[in-house]
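Shown below, as structure tokens, is a lone chain in the form predicted on its own; questions about how it binds or moves come after it.
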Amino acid sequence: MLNYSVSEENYIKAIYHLQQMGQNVTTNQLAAAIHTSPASTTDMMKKLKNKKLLNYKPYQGFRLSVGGSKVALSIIRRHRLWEYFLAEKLKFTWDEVHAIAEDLEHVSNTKLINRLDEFLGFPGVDPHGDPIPDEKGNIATHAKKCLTDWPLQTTAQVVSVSDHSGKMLELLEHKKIKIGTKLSVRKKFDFDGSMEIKLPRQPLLTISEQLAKNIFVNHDA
């Protein structure tokens, strides 16, 4: 696989995540995600299109090509493996690993990454519950539902969180919510969308709608 600059890889990964919503990605959306100007984003789109990583037409949005998706999954694989390593082997907390992995993901030596995967025992998900692509770029999908849509009085298990920012993960840690936590929704408040939830051996807990929207669960196994 060809090597790409850090900037190119950041754009490729951002496009991959944005296009998961199903629509073509716009220049303004991508510029906001990368924290840069639309003009700089347009210049990068032209470079990525010339490298056949992008299907792009001005004013119509863009999506990654097959080759671009392959590169994106390789970057995501590296990122999530490093997150797993940092959390499981070096005991970083889950709100610390994302920022560090943002740097490590650009180490693209294939042999190193495959050895890392083997050393870790081929983990299926990272510390935030996101699936880790395998060596061939295959990525597993698991049924899950946002906590805001979960029925009342039904036990669930937290399987992933969508916001990996340090502030969000710090809040989850404070609420004693992590991947694998079992909980049930006891009440939903129409006034502000907040929810009353129950964790094992813990008193009833109220969380905001904003927090609940970032928590994904499935049926308790």
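Quick caveat: nothing in here was measured; it's all calculated off a predicted structure. Counting begins at 1, following the sequence as shown.
Missing here is the form predicted together with another copy of the chain; even so, the following discussion is about that form.
- Another copy of the chain in the predicted complex is not approached by residue 130, whose heavy atoms all lie more than 4.5 angstroms from it.
- Not displayed here, another copy of the chain is kept clear of residue 143 by more than 4.5 Å at the level of heavy atoms in the predicted complex.
- Not displayed here, another copy of the chain is kept clear of residue 125 by more than 4.5 Å at the level of heavy atoms in the predicted complex.
- Contact check for residue 92: a heavy atom falls within 4.5 Å of another copy of the chain in the predicted complex.
- Candidate site formed by 152, 158 and 186: none of these residues places a non-hydrogen atom within 4.5 angstroms of another copy of the chain in the predicted complex.
- The stretch among 99-107, 144-152, 130-138, 72-80 whose residues place heavy atoms within 4.5 Å of another copy of the chain in the predicted complex is 99-107.
- Contact annotation for 106-126: residues with any non-hydrogen atom within 4.5 angstroms of another copy of the chain in the predicted complex are 107, 109, 111, 112, 115, 116, 119, listed in sequence order.
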